[in-house]
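Next up: just one chain, as structure tokens, the form predicted alone.
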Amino acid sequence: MTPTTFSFEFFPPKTPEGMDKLRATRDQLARLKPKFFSVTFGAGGSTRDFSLETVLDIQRAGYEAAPHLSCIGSTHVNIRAILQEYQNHGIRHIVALRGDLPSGMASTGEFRYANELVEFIRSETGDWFNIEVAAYPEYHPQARSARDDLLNFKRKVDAGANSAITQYFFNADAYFNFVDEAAALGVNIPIVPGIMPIGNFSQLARFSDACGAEIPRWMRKQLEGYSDDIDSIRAFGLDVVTDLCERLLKGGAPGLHFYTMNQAAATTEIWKRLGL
């Protein structure tokens, strides 16, 4: 039986103070012994230097780092350069994404879809990298249909992905349904649920509207009812997300990937409640 894997996601800080705070968060979460820490990559590589610095800082501290690499707006030449840089530093794990076109940029560049990026990584580096890709249990907001989205996901797997991390969601059935439908297409890689702890409702609503993650009506009503009562929002969020994680793990999910927002408290508390 494959062991359950846990991982935590950070975004790269842009100031020395932010980096100091992130190191404190990382060291706190490292006590939970995650398999890796992933680091996001801004639209069109806009945070590339910050991402590399953050990844190398995690690696120097003795932990496995998995940089995100998004290809939209990029060329073969600059993606090749980034891959070589990561190889030179001994990084063996990458999260390969299409990404979003930066505002004001007209061209998608030389890559249109994430499966093209996965194919390119494999053609350039063979089996050097363990490649994670994204999955969307509630379907990508730009997908024409649920079937199209599943076929897009399968293309990434067929191109050489080792495993997948999902967009966050709050409906466990959506995840289990997606996994079943992917399996019916012959997809047999681990699909790890992405988990978003809840600490700020307006921020969560903004993110969810942008990425197509559904906040169930009963949850939204409850959270709206708390208005600016941060303590009640956090307490409710801990209960809801812990219940979700319990259900996912009991149902056979291969692990959990936490979108930490560079904070340790909520993830650590959920971890304790799960008895991990």
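On a predicted model such as this, the values are computed, not experimentally measured, just so you know. Residue numbers run from 1 along the displayed sequence.
Omitted from view is the form predicted together with flavin-adenine dinucleotide, to which the following refers.
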{"item": "Candidate stretches 175-183, 73-81, 90-98, 197-205 - the one whose heavy atoms come within 4.5 Å of flavin-adenine dinucleotide in the model of the complex", "value": "90-98"}
{"item": "flavin-adenine dinucleotide in the model of the complex reached by all of Phe6, Glu53 and Tyr86, non-hydrogen atom within 4.5 Å", "value": "no"}
{"item": "flavin-adenine dinucleotide contact at Ile131 in the model of the complex, heavy atom, 4.5 Å", "value": "no"}
{"item": "Proximity of Gln142 to flavin-adenine dinucleotide in the model of the complex, heavy atoms at 4.5 Å", "value": "yes"}
{"item": "Contact test in the model of the complex: Tyr136 vs flavin-adenine dinucleotide, heavy atoms, 4.5 Å", "value": "yes"}
{"item": "Partner contact for Ala114 in the model of the complex: flavin-adenine dinucleotide, 4.5 angstroms, heavy atom", "value": "yes"}
{"item": "Contacts with flavin-adenine dinucleotide in the model of the complex - residues in 239-276 whose heavy atoms fall within 4.5 Å", "value": "Tyr259"}
